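One chain comes next, on its own, written as structure tokens: the form predicted on its own.
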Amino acid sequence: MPLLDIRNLTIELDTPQGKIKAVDRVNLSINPGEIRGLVGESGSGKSLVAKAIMGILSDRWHVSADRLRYNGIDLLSLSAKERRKIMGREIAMVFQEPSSCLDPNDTVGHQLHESLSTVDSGVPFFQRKQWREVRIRQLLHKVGIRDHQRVVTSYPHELSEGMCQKVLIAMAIAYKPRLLIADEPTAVIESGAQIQIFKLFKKLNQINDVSILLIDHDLEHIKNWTQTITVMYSGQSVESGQTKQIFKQPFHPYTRALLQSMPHFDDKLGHKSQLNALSGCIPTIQHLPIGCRLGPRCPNAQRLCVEMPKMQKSKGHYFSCHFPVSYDNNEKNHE
């Protein structure tokens, strides 16, 4: 049974002109011990999916799904109090903007103590303060912070964005969650420390059986650290499957364009050659095209693309396209 099972997740935004679908019928599942990547351009809805799982979207957003289950529990049927018992302990999230997630009026050390205040340490109450101090030092060292004494006595504004992000990662893994959602976890961290963070995630996955949803714009990270991948475009999931399989043979034109945009240093590129990229830009949610949302930008678009393509399956590889690339029609198997 999947640890996280999402079927036809739809997220709508209230506007003066009515409701707009920012995320439309997204399917996503994560098995125990799996690391799944979630990729797509900015504005494709990746962070909205993550926040819908956590239940932290504002009242302007309306979330509906045929299934939104964690470990067999229907998250949409839970009250806010019941959901808070799961979030943080069972499911933790690393957010994109660390400075906005930390309390500017409190020291980092006090916030770390609070994050550990409800952890069942199994030690007597009169030793818990000392246990927390040791545990905080261990967590900060794990994320690459050696000068822990300076960090715990500092306020968030006195630390760099990268340092604040490391603190958030330490808070997220403090509970030893079963599912970790990492939304651009290393975007503001110096390149030399990024590998250490991903190695930490991999160690948590292998030793503690932590499932991870890795949201990242860097396809090299996705390729090196995930087992499966889901590609999103304009609020829809367009392709998913094994990471190695999709990187080797993508079926959706958007996935192929993403992979072609990666710099390949072994290619003999001419001086000041342009990188491969799709023309145009991702549509706004107020002006979504009919049918396939990639249609206006797709190099393979034809008249049939004004109709919404159905999700197809080929040997565990899912894709949503009328005219897939590098695909043998004889193997077509509609789901």
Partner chain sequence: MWLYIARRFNLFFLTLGVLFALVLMMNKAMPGDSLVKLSGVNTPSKEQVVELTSRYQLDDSIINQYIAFINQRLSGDFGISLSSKQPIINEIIQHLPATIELCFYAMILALSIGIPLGVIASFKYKKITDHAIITVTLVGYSIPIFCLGVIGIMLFGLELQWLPVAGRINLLYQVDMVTGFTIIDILLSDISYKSLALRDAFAHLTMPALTLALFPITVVIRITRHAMLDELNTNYIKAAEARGISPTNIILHHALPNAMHPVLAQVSLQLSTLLTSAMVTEVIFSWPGIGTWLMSAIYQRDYPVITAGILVCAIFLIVISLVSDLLSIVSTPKRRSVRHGKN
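Since the model is a prediction, treat every value here as computed from it, not as a measurement. Positions refer to the first chain, counted from 1.
Below, we refer to the form predicted together with its partner chain, which is not included among the displayed structures.
- The stretch among 237-245, 210-218, 132-140, 151-159 whose residues place heavy atoms within 4.5 Å of its partner chain in the predicted complex is 151-159.
- In the predicted complex, at least one heavy atom of L102 sits within 4.5 Å of its partner chain.
- Interface membership of D183, defined by any non-hydrogen atom within 4.5 Å of its partner chain in the predicted complex, is ruled out.
- At a distance threshold of 4.5 angstroms between non-hydrogen atoms, F201 is out of contact with its partner chain in the predicted complex.
- A residue is said to contact a partner when one of its heavy atoms sits within 4.5 Å of a partner heavy atom; R84 meets this definition for its partner chain in the predicted complex.
- For the candidate set T255, T230, S115, T226, a heavy atom within 4.5 Å of its partner chain in the predicted complex is found for exactly one residue, namely S115.
- Distance criterion of 4.5 Å from any heavy atom to its partner chain in the predicted complex singles out D106 from the list E190, D147, D74, D106.
- Contact with its partner chain in the predicted complex, defined as a heavy atom within 4.5 Å, is made by all three of I91, F95 and M171.
- Residues M54, I56, L57, S58, D59 of 49-67 are found to place at least one heavy atom within 4.5 Å of its partner chain in the predicted complex.
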